[in-house]
Ligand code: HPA
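The form predicted alone is given below as one chain in structure tokens.
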């Protein structure tokens, strides 16, 4: 795996038009930020050696190099999920490649179901911590020598970046929530009983991504900032059925607010 990571990094390094230290992973229905990037080069995942290919609607499947907020960035427009049948090593392969290419800061976004009764559909939640409820840890197996065998996870999400995001949101009058994100393997949306269980475990939102990427990034010494769009709510006495199309619509409606926060964070 480590040989493949280095092969892919070398292939990309030959083609990279800039030298970004910031990377962005754009999740379900959250592609508007990608439109704000002044693109210099876009590469379909299918053209990149050893890269998986995104199969989920709402994930464009391109690696972008360009500028955002006056900074060089690389961005994944669409990610890979465990539920697609990929291994954890494949899901987190792009993050490993990012490290080899010199990425120091990673911004991640996702659509999530709210388990906190104080949340509403369309809320933005800054991720302060996570619960890995997936069946495997992406660091399982031989330790790749980019970090320690047993990484400390007490600050998986940068406190400094969270404070900056709060200041930006306040300046623009954007309401943000703080919360703990729980990751399941999917692909089913949660039952009402599962929503209630996750809330009792301490989760404010639940989704099917992000946590493996953050674990690997943190292992590599990359600082992380994460944000969720609350696209549905569960665990209530009157549960509402949810579809992928409804999740996309809810995410798209609040994209401008997330874009403002992310873009200014990167600029700063």
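Residue numbers count along the first chain shown, from 1. Only a predicted model underlies this, so the values are computations on that prediction, with no experimental measurement involved.
Not on display, but discussed next: the form predicted together with hypoxanthine (HPA).
Heavy atoms of no residue among 176, 204 and 228 are located within 4.5 Å of hypoxanthine (HPA) in the predicted bound form. This chain is displayed alone, yet in the predicted bound form one of 134, 127, 111, 97 has a heavy atom within 4.5 Å of hypoxanthine (HPA); that residue is 111. Only one of the listed residues (82, 157, 107, 195) places a non-hydrogen atom within 4.5 angstroms of hypoxanthine (HPA) in the predicted bound form, and that residue is 195. Among residues of the shown chain, residue 190 is one whose heavy atoms approach hypoxanthine (HPA) to within 4.5 Å in the predicted bound form.
For the chain shown alone, residue 68 is not a contact residue for hypoxanthine (HPA) in the predicted bound form, no non-hydrogen atom being within 4.5 angstroms. Contact check for residue 213: every heavy atom lies farther than 4.5 Å from hypoxanthine (HPA) in the predicted bound form. Hypoxanthine (HPA) is not shown here, but in the predicted bound form it comes within 4.5 Å of a heavy atom of residue 232. Annotated contact segment (heavy atom within 4.5 Å of hypoxanthine (HPA) in the predicted bound form): 112-120, selected among 112-120, 168-176, 135-143, 89-97. For the stretch 2-21, the set of residues having any non-hydrogen atom within 4.5 angstroms of hypoxanthine (HPA) in the predicted bound form is empty.
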